[in-house]
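Take a look at this single chain, the form predicted alone, given in structure tokens.
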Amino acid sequence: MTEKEKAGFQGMHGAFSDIAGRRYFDGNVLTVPYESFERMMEAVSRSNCTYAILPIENTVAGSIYQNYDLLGESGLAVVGEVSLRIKHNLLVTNQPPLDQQERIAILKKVGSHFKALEQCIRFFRDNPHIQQSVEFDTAGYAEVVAKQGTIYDGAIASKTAARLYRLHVLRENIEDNPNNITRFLVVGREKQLFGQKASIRFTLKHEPGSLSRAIAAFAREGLNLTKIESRPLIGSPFEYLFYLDFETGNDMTRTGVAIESLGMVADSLDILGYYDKGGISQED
């Protein structure tokens, strides 16, 4: 039997990155947990993993800026994307056998990753007696509650985490916004030569009109920009790196013309990767 390729993710099994990786690869790749995004990306660079699952933006909490920086610094390539509908659930131990509201009433602390807590503000506003606890990972804290928690502790995590760590789903879908979706990039070592989408990064001269001139070629070539993000350019105060995603329409000729035009006005330009457009997946 051929050994499965590996895809790294940050957190513990049952984390949303783990679920996104499983959906993207349809179970054909072994997902491997790492304690940090940095370690995960290093594993790909060192060929310990073939891929990394990197969350890059959320429809509620916005962009994950540290991962833009990490992607740009890694030298790795974007080879795919997947979006996951994020459903946060309140997980507790199975005892005592109280009804939902009574059980919530005795909770003293609920922990999760800070992004998950940010996406469940209404729940904590409605239950001000519960202390929020910022933890390193959604699923990781679910495991802590399962092993060490008391009846006064809860976790916010996926239903997959509840199954893995044998916790009870006390309340489903406590996220504030039903359109809570996270987009993940699939990162590897080898760039692909074409795809339905592209991600690039570039720097510009710090002068009036430079950004409008830089992106004008994409409009001329009929290419749809789907994301633009700026990050501080280290060592050059108040100057920026720009990250740009656009749809190629599988027309690599027009794409090449647009990128060539951008290269004529940019101080630097890197193609982070071509990849196919990903759909929105569900946990279950």
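Throughout, we count residues from 1 along the sequence that is shown. Each form is matched to the other, and the largest set of C-alpha atoms that superpose within 1.5 Å is called the rigid core. Values in this document were obtained by computation on a predicted structure and should not be read as measured data.
Only in words, not in the display: the form predicted together with a further copy of the same chain, which the text now covers.
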Handout entry: Candidate stretches 43-51, 249-257, 214-222, 23-31, one within 4.5 Å of a further copy of the same chain in the model of the complex by heavy atom
Key = 214-222
Exercise for the section: Tell me whether 68, 77 and 164, taken together, all sit within 4.5 Å of a further copy of the same chain in the model of the complex, counting heavy atoms only. Expected result: no
Exercise for the section: Mark residue 114 yes when one of its heavy atoms lies within 4.5 Å of a heavy atom of a further copy of the same chain in the model of the complex, and no otherwise. Expected result: yes
Problem - Touches a further copy of the same chain in the model of the complex: residue 132 (any heavy atom, 4.5 Å) - result: yes
Practice task
Tell me, yes or no, whether residue 148 is in contact with a further copy of the same chain in the model of the complex, where a contact means a heavy atom of each within 4.5 Å.
Solution key: no
Handout entry: Exercise: residue 207 in contact with a further copy of the same chain in the model of the complex, heavy atom 4.5 Å
Key = yes
Completion exercise
From 169, 106, 121, 144: within 4.5 Å of a further copy of the same chain in the model of the complex by heavy atoms is 121
Practice task
Indicate whether residue 42 shows a C-alpha shift of 2 Å or more between this form and the one not shown, with the rigid core used for the fit.
Solution key: no
Exercise for the section: Answer yes if the CA of residue 230 moves 2 Å or more between this form and the one not shown after aligning the rigid core, and no otherwise. Expected result: yes
